[in-house]
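Take a look at this single chain in structure tokens; it is the form predicted on its own.
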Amino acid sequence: MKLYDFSLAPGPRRVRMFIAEKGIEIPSVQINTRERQQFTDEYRAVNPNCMVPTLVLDDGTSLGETVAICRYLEETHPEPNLMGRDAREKAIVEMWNRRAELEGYLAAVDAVRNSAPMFEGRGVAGVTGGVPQIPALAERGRQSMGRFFGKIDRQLADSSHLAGDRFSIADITGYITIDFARRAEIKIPEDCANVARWFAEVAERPSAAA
């Protein structure tokens, strides 16, 4: 296997953190999206969507979506389990991972891509250019992140982790979402003590440095 990665991008970091939790090693190739290496002919042959991460399997199959990559690794390296053990737990983990993606991660992406100077003219990932930043989307992303913080703070009031009593892919998505949002100067609100506690605990895991 080979992982096409970029050390500064949040999507690949989700996969690296998942890999680190699994305790497996996968060789990687850096695709510097700041230098637009994702648009080279060589990388298009690997992933026509021109995005990272991509995991290429030994038989040449390319997996180009973060959760699809994690699902493959979960099936081939089932322990430690990160996506649920039975039908109920799998559904709960999936529910909270999707909430973290749709209500948190996408909001953070809107806030960062529509405000950071490095993304000028590149408001949408995987597109070579000509997509202007929209300040209103950045503001909507900030507001959505505020609602996301409130939602997970309520969840974490009665739960040690986002999807229950143990660490899962939902915690990876939530943690990296909040860390990424700081690039748009979005911080954990002072009244979200449960989020702050959980975030600090996840940050202490060795995989957080992946």
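One rule holds for the numbers: they count along the sequence shown, beginning at 1. Quick caveat: nothing in here was measured; it's all calculated off a predicted structure.
Just so it is clear, the following notes concern the form predicted together with a small molecule, a form of the same protein that is not shown.
Using a 4.5 Å cut-off to the small molecule in the predicted bound form, not one of A100, G146 and G174 places a heavy atom inside that distance.
Shown without its partner, this chain lists A138, A125, I92, V131 as candidates; in the predicted bound form, only A125 has a non-hydrogen atom within 4.5 angstroms of the small molecule. Shown alone here, A196 lies farther than 4.5 Å from the small molecule in the predicted bound form, counting heavy atoms only. Of the heavy atoms in E65, some are within 4.5 Å of the small molecule in the predicted bound form. Not displayed here, the small molecule is approached by V52 to within 4.5 Å at the level of heavy atoms in the predicted bound form. The closest non-hydrogen atom of A9 lies within 4.5 Å of the small molecule in the predicted bound form. In plain terms, the part of the chain that comes close to the small molecule in the predicted bound form, with a heavy atom within 4.5 Å, is 52-60 out of 52-60, 165-173, 138-146, 151-159.
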